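Below you'll find only one chain, the form predicted on its own, shown as structure tokens.
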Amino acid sequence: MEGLICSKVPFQAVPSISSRPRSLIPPTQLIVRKRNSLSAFSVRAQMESKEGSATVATSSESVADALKIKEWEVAMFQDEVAASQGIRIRRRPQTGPPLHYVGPFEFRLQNEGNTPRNILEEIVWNKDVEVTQLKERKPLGKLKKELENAPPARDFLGALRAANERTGLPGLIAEVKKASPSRGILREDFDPVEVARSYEKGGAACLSVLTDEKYFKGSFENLEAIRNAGVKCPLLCKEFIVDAWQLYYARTKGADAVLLIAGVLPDLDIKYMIKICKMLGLTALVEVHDEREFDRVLGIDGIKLIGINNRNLETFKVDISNTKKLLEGECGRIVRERGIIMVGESGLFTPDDIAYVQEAGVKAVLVGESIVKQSDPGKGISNLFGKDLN
């Protein structure tokens, strides 16, 4: 694969969590059969009675138990696949199967693996539960009907290119954000529409709207309100995407682009979601924060916009030299050769910071904290770039 020339990552086989044979759903099916859909496994749960598999269902109660076991086994397999790609974020708490399950995990402690190892893992676990509940209230079929009334998608990528060519500076994706887990409340008098209008007046090319409620005090209502208010800047739905359903939901709320985090999503999920984005007219901003993630993403066809996050989402430490480090080698050459637009993210507070990442090779920047905290966010943009972008 072409992307493998960026870094020399040793091959790591998918680890086995059991020494005895076990029947698992192939990874190619995981992208369309998400783990929270018990019905997807009903046939397999009843038919697969090979040695090492779940107990054969003989009653309604045992059918339900068999389905839970299958769902749990598939979730374990998903994490194994993710780990083989260097992804350290587990997609759900590793609780054991039903108590009467007979197998190598019958003595598993109930709380083992139930504690998030970092803030990103905690956010992802919470998001998984949240999305499951939303899907029950608004199934995909209903969302697809709502797409008929969604406003047309705007050219997010084109807006960034145009801003870069017009100003000679990185196109700005200004972030509408009230709070963050690391900094707390950033703006007490937070009016998402007024902040968005101020950004647009200040010369922002695009806007990023936080939609996570629990950790960032955002909402999809904010995204929808900004779109309906007549703001012309294309909108990025800044969400922790764990399910393709969220892409449809974001589009119905007026999103023009979505964020896909390589530190959370395995390759197959990213490939699948990019196809859906193209179908919906959404631009995918795929975010990386280390060399291995960058290498993986460059091995996926169809990616036109990549963000380098200078904040380690596991530790929340920020180092803007991360952008330069990732772009000065072979990966940077591939990016330039393919015409991929690079976005610098996090830790950008001064004109010197902007100049540093621009020299490293970015054509756009995503900035929130340093401008949203200003009394006039639009003027904060001028201070950030050292000039009026208009």
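Keep in mind that what you see is a predicted model, and the values were worked out from it rather than measured. Start at 1 with the first residue shown and count on from there.
Below, we turn to the form predicted in complex with a small molecule, even though it does not appear here.
When you look in the predicted bound form, the only residue of R91, R227, R311, R154 with a non-hydrogen atom within 4.5 Å of the small molecule is R311. This chain is drawn without the small molecule; in the predicted bound form, the residue among F216, F220, Y248, W125 with a heavy atom within 4.5 Å of it is F216. Proximity of L207 to the small molecule in the predicted bound form: non-hydrogen atoms within 4.5 Å are absent; the residue sits far from the partner.
K253 falls outside the set of residues with a heavy atom inside 4.5 Å of the small molecule in the predicted bound form. In the predicted bound form, the small molecule stays beyond 4.5 Å of every heavy atom belonging to D295. In the predicted bound form, at least one heavy atom of V367 sits within 4.5 Å of the small molecule. Contact with the small molecule, judged by heavy atoms within 4.5 Å in the predicted bound form, is confined among 197-205, 273-281, 80-88, 238-246 to 238-246.
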